[in-house]
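Here you get one chain, nothing else, as structure tokens; it is the form predicted on its own.
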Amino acid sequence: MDTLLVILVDGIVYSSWLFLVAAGLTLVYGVMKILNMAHGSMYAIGAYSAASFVGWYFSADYVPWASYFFFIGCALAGGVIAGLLVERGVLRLMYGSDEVVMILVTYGVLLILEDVTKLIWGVDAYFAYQPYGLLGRTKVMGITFANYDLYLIGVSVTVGALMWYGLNRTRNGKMLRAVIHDREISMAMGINVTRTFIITFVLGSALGALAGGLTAPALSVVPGIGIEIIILAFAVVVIGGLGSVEGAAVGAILVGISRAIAVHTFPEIELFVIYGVMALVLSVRPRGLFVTATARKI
């Protein structure tokens, strides 16, 4: 029972982290039909922004509890600025290009931003451990869990609920869904598609940066984390179905629980199990579990 509880909690925590990373990626693809490889750089920018701020904040000996508001805000600000620069400076010039071309373009942006982060923050590791330990620990059935991990689960659920509500219950969300289904008709109806693209890409970038900022206290922030995370995020959105927020949530849960089982039972197959789940799902559902319906033009 103890092992089962540890697997369940570890799997849910990892799933929450994966969902935060994958949510922005699948949102951008759903609206803009761009598989944004640069999303990993947004994650890295959020992580570096948060980690550097945490180091400065605690060295200045300010109120510790207030750091949660500021380092999350710092990560979001980094993601918004970077997303706006990439969309206005690069992507707007490429709209209408083939999807493969867009993948190559965003991959190039990923490589550029990786070097930019090294120029800004250097190549040394950043450690922002203070917020992780500040919330303390909780003992459940004799097993101790970090409260920060439980906090991460709460943030993930909140983000998922807000995204669902925003897309399905608000006027702007319904306009966004109209753009997803048919851009040409949306433009004919007076929807500003260009502004929708800007907002979507910036929001997706902010979600990626938020994931990086929230996970910075739980790990060391080092060069290359953006490239590592984009592979995992890609696996999650492919499992769930490109463009589906619900699919990203289910894909994250499948990958998170599967990885936790592997780590605690067969650790040597930890890396394989993620791609094993993806291969298994795609062999049955080639377009993912929650593939969105595509209108057929006659």
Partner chain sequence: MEYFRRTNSFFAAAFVLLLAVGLMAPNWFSYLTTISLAKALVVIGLVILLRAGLVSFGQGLYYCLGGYSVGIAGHYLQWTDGFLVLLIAMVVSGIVAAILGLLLCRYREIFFAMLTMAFSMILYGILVKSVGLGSTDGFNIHSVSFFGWEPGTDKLGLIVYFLACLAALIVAVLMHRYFHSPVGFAGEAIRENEIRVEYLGVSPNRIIFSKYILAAVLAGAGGGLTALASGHVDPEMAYWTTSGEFVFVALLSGTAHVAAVFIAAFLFEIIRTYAFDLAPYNWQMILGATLLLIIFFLPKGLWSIFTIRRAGGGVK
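Numbering follows the first chain given and starts at 1. Note that the structure is predicted; figures quoted are calculated from it, not measured.
Below, we turn to the form predicted in complex with its partner chain, even though it does not appear here.
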{"item": "Listed residue (V105, V221, L203, L176) with a non-hydrogen atom within 4.5 angstroms of its partner chain in the predicted complex", "value": "V105"}
{"item": "One residue of M163, L110, L152, C74 in contact with its partner chain, assessed in the predicted complex (non-hydrogen atom, 4.5 angstroms)", "value": "L110"}
{"item": "Answer range among 192-200, 223-231, 144-152, 75-83 for contact with its partner chain, defined in the predicted complex as heavy atoms within 4.5 Å", "value": "223-231"}
{"item": "Distance check, K118 to its partner chain in the predicted complex, heavy atom within 4.5 Å", "value": "yes"}
{"item": "Any non-hydrogen atom of F69 within 4.5 angstroms of its partner chain in the predicted complex", "value": "no"}
{"item": "Y29: touches its partner chain in the predicted complex, heavy atom cutoff 4.5 angstroms", "value": "yes"}
{"item": "Its partner chain contact at F266 in the predicted complex, heavy atom, 4.5 Å", "value": "no"}
{"item": "Heavy atom within 4.5 Å of its partner chain in the predicted complex - qualifying residues of 87-103", "value": "V90, L93, M94, E99, V100, V101, I103"}
